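Quick heads-up: it's one chain on its own, the form predicted on its own, in structure tokens.
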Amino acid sequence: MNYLPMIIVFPLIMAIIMNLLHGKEKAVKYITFITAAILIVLPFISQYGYYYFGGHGVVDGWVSGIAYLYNPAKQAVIVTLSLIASLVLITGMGEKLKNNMFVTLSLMGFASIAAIVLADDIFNLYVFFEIVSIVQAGLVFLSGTEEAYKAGLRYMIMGNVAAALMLLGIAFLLASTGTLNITDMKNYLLVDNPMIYGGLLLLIIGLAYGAGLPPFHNVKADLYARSKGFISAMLQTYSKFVLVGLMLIILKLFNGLDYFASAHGVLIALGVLAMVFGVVMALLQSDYKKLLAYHAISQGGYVATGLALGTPLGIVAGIFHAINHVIYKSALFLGAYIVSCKRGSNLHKLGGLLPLMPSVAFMVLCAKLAISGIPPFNGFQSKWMLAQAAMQVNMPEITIIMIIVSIGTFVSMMKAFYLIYLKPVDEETLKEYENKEVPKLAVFSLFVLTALCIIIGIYPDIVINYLWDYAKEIGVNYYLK
């Protein structure tokens, strides 16, 4: 039996069940834990290859119905998504209010992202793209603050416009090719025409919105900053894998075609702008969660740039950095959540936490070194690959920008570490800290993620080996003169 459809169907069923358990907190926690465990298992017991819902398959040479494609590269992404979702769900079990809604929305988001990554049918992808946009706004609303409501509403309004444009782009491609299946569509894109140009442009707009690339970076960063810390970990994971899923589809459809050259440059430019805007904005922040939110944008720029290079090495580096990024960034957001339980996230009101939580401080420091690209952590390995990919196509200026952005990342991360853990504080503040407990489930999740930062940093091949075959299939080797 192929369990592949269960990766999407199971969380959707559990989301419905959770929604019916309003007010039954003990039942919600018990079932949440079991659900989290099953989410991690499903990607390992699913079979590689195409899966056709309803058994339609290929009819008269055309793929009929909804199709999913599962391969080792997509397995690596889904396993990472499952791990982060499970840890965030477990962390959320410590929260008391509206727990069933948090679990319901998180599972809907998980199913949607998994479907976007697996989809070989572009309309099916669009449906789940819409769902995950609504889910993200709903998760922000759970924070219950006025700022959170404004951030979620702004995201939904902009989403209506971006998603409508993306749907129009899909309509253009359907009109030009006569199919919605991505594998079939590729065969009819060889001849360029204005409809295909329009479809590609509108897909890129949808990509920028879903991934938080310019000009949508401020809206996305606000979404992360206004959520509870552990929810921000989930939200930024959704965004990175929307970026990976959509970018892989664009590359599968257009990479190597002559008329893709100009769009190629646009995608690289969006990635570089996200890198630079993100780190500059992060350096200006005095709120810790906002600082992390803008770094999530900046790191998304690395991912987008690597994938946009379109070479096998660039694609491997881009996916690898997306996986690394969601791991260390989730660790950082969980660290921020633990700190906020003590005294909020204003950097100027924090300090002196090192003696009270030395193990948390050490794990957060590891995550900060990982995001800064310091060896032997996982962030170094993927940034090194990204730099090699840029040099391989004769774009050394991208490598230089990556290095400068990494320096800016390191400076802002060390500044935040000093202000939170090392800055001297008075006795009254220390007593205030001691009266507030540390969420133990969040510390457990932080430990798992930190361990992964080190393990993948030392043994990067345990991830990279899964990515090469698909990257060679859709990547194109070239060298700019």
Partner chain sequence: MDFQMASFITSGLLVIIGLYGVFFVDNVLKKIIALEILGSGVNLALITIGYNGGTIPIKLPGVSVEVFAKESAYPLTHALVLTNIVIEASMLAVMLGVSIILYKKYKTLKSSVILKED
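Model, not experiment: these values are computed from the prediction. Numbering follows the first chain given and starts at 1.
From this point on, the text means the form predicted together with the partner chain, which you will not see here.
Judged against the partner chain in the predicted bound form with a 4.5 angstroms heavy atom cut-off, the residues Phe123, Tyr126 and Leu180 are in contact without exception.
A residue is said to contact a partner when one of its heavy atoms sits within 4.5 Å of a partner heavy atom; Ser133 meets this definition for the partner chain in the predicted bound form. Contact annotation for Leu284: none of its heavy atoms lies within 4.5 Å of the partner chain in the predicted bound form.
The closest heavy atom approach of Arg226 to the partner chain in the predicted bound form falls within 4.5 Å.
In the predicted bound form, the partner chain stays beyond 4.5 Å of every heavy atom belonging to Tyr188. Contact annotation: of the candidates Ala164, Val280, Leu365, Ala269, the single residue with a non-hydrogen atom within 4.5 angstroms of the partner chain in the predicted bound form is Ala164. The listed set Leu273, Met156, Leu356, Val79 contains one residue whose heavy atoms approach the partner chain in the predicted bound form to within 4.5 Å, identified as Met156. Note on the interface: of 356-364, 241-249, 256-264, 143-151, the segment with non-hydrogen atoms within 4.5 angstroms of the partner chain in the predicted bound form is 143-151.
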